[in-house]
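The chain below stands alone and is given as C-alpha cells, in the form predicted on its own.
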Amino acid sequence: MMFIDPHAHMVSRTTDDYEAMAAAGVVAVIEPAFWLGQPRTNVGSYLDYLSTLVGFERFRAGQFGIRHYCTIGLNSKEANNEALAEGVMELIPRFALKEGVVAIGEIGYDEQTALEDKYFRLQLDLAKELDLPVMIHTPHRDKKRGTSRSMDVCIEHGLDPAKVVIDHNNEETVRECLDRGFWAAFSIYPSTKMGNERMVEILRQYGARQIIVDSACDWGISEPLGVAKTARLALQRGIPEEQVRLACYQNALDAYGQSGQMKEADWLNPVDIDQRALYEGNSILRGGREPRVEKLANRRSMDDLIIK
C-alpha cells in the first residue's frame, strides 16, 4: 500500500527518516511552513526558510525516492510579532504560486490573540484569491473553541470547506469538523496530540470519509512512520483496507490535489534517484560518500506499531 504523509516538517529530520519512510511505503510528503522552535528575529530568516522548502528540501526528498510538496504561510505563533508578520505577509504571495506549493498553511490560532486573528483572516483571503487549499493549525489549548472558531472564520471569508483541511483534530473536535464538510486531519504525535490506537477507534466510529492521517513529525519527539504504522495497525484491528487507503493516501491527494500541483503520476512515474546530482552546486553526499542509497529499512523497525 502507498502512503502520503500530508504534514511532515522534514527540514527537521535526517536522511535516515527519508529512507525509513520510503521503505515503509511513503511516496509523498507535504511540508507545512511552521515555527522553528526558536523565534525568528528578522524576515530574512523566514525568506531563507521558505526558499529551502521550495528548493533544497524538495531536491533532498527526491534523492530518497519521495516526492516533496509544501504549504506556505505565516504560522500563528509568529503572527504575534507584528513587525515580522508584516514582512512575511509580503513574501507569501511570491512563494505561494511556486511549483510544488499545494496550500496556504499551516495557519490559524495558537493563543487566539487579536494579531493571530488578523493574519489568519488575511491569509484566508489570499488563499481564496489564489484558489488554493488551506491547511489549518488548531490550538493545543482551548482546542474545541479554537477549532470551531477557525471553521467559523473560514465560512465568514467565503471559503469552501472542501478546500480546507482542519488539522490536529481529536475526539472532541472531529464530529463538528465532519458535519460542517471540512477535511478532518489527525496528527499521530506521541504523548500529546493523538496516538494511533485512538486513531484506529476514530476510523472505526466515523469511517474514513473526509479523514486524513499525518505524522506532523518535526524537531520534537515525533514519529515519521506515524502514517505507515497507523495504517498497519488499523488493518490488524479489522479496519477495511479501502478505509485505510482513504485515510492514509487518497483523501490527502484529493484535498491537496485541488491545487493542481500534486498528481498521482508524480510518483507512479518517478524520476531516477541519482545522488550525484547537485542543487545549486551542492550534493546531499558528505565526506566522499559513494552515491548509492543503501537499504536501511531494518534500521527502523515496523514491529512496534503502538504510538502512545
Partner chain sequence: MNEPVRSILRDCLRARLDEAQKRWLDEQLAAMTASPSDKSLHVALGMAPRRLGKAPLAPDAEALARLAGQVPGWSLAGWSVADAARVLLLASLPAEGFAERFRDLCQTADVAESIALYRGLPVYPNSDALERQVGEGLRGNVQAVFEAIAHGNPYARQHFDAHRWTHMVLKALFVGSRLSPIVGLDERANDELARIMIDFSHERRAAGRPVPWEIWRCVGPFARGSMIDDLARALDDGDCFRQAAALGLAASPDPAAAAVLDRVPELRDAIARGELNWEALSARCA
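Positions refer to the first chain, counted from 1. The model shown is predicted, which means the values in this text are computed figures rather than measured ones.
Beyond what is shown, the protein has a form predicted in complex with its partner chain; the following relates to that form.
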Q) Would its partner chain in the predicted complex be within 4.5 angstroms of a non-hydrogen atom of every residue among F3, L233 and W267? A) no
Q) Any idea which of 88-96, 212-220, 141-149, 199-207 reaches within 4.5 Å of its partner chain in the predicted complex, heavy atoms considered? A) 88-96
Q | Answer option from L74, A127, I188, V101, heavy atom within 4.5 Å of its partner chain in the predicted complex | A | V101
Q. So which of V27, L246, V54, I239 reaches within 4.5 angstroms of its partner chain in the predicted complex, heavy atom to heavy atom?
A. V54
Q. Does its partner chain get within 4.5 angstroms of any non-hydrogen atom of N251 in the predicted complex?
A. no
Q) Might L36 be said to contact its partner chain in the predicted complex, defining contact as any heavy atom within 4.5 Å? A) no
Q: Look up in the predicted complex whether A277 has a non-hydrogen atom within 4.5 angstroms of its partner chain, and give yes or no.
A: yes
Q: Decide whether L47 counts as a contact residue for its partner chain in the predicted complex under a heavy atom distance cut-off of 4.5 Å.
A: yes
Q: Any residue of 59-78 with a heavy atom within 4.5 Å of its partner chain in the predicted complex counts; write them all down in order.
A: F59
Q. Do A228 and V271 move together or apart in the predicted complex, judged by C-alpha distance changing 3 Å or more?
A. farther
Q. Considering a change of 3 Å or more, are the Cα atoms of D272 and V26 closer or farther in the predicted complex than here?
A. farther
